[in-house]
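Next comes just one chain, in structure tokens: the form predicted on its own.
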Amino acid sequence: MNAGILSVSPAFYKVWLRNAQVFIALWKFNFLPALAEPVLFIFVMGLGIGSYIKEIEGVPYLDFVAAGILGSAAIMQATFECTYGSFFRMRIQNTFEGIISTPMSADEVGLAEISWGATRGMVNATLVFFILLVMGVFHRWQVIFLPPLMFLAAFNFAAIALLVTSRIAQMEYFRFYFSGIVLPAQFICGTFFPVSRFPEAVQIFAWVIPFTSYIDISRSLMLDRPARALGPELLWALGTTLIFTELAVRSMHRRLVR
């Protein structure tokens, strides 16, 4: 059977379940470190800078930046899980080698890793969601759709991260990926300031990155305002997620089946 997501059977959830069980067993070491960055953003960006910037685009700065903080919590955790976490399981523990020696295929391992990275991202974003809820940031019932949307954003970045992981030989190369792609994306995609504040060339680049669309859609749910182009944005975000997932699964197949 050809490689790719169409070759993956429902049995891939067993690899996802294995990762979930390890996560639960080590939950004390997993929750707090993952929450450190988004909570810091809430206090430094939302409350600190928010004390100087009272409003942005007609809403309190903390309300505006909340969507970006949620998105960052999701994509950063998904990225860490599918870079350092997946590489550790693949090269250090040789977990993947053991799994594919069973009837489980390399493609199923790849999709399970992406799904697990997206799950970690959604869990992290959901915890931040409840923190913001307690702080009184949310004012509309439509915010209940934010966690599933964060799952999709995390899935997008998890797929890209696993694609990178499947192609590197040493863990040190992740530094280039984080500093050259992940961190710039985190800051220019409308996370903390409107994309419209950037030069036109940067705006075009920002909208090419699917994360910008995820944040814009999230902000529209939170602030009762329409997304700039809801249909095209959602189509672009989901389409690129599917493409990166297919590429990552195929690349992981080539890495594991030699």
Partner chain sequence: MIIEAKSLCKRFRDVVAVDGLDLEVEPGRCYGLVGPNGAGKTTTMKMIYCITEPTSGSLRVFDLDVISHPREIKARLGVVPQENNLDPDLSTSQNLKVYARYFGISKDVAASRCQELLEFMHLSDRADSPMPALSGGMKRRLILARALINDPELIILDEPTTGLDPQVRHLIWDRLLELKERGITLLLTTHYMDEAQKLCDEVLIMDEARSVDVGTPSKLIRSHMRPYVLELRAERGRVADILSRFGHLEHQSSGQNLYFYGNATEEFNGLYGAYPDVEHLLRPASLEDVFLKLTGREIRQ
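Numbering follows the first chain given and starts at 1. Small disclaimer: the values here were computed from a predicted structure and weren't measured.
Below, we turn to the form predicted together with its partner chain, even though it does not appear here.
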Heavy atom contact within 4.5 Å of its partner chain in the predicted bound form, the stretch among 151 to 159, 69 to 77, 134 to 142, 105 to 113
105 to 113
Is it the case that L26, even though its partner is missing from this view, gets within 4.5 Å of its partner chain in the predicted bound form, heavy atoms only?
yes
For V15, is any heavy atom within 4.5 Å of its partner chain in the predicted bound form, or not?
yes
N94 near its partner chain in the predicted bound form, any heavy atom under 4.5 Å?
yes
Although the partner isn't part of this model, could you tell me whether L235 comes within 4.5 Å of its partner chain in the predicted bound form, counting any heavy atom of the residue?
no
Looking in the predicted bound form, is its partner chain within 4.5 angstroms of a heavy atom from every one of S9, V22 and V257?
yes
Exactly one of V182, I99, V123, L163 has a non-hydrogen atom within 4.5 Å of its partner chain in the predicted bound form; which residue is it?
I99
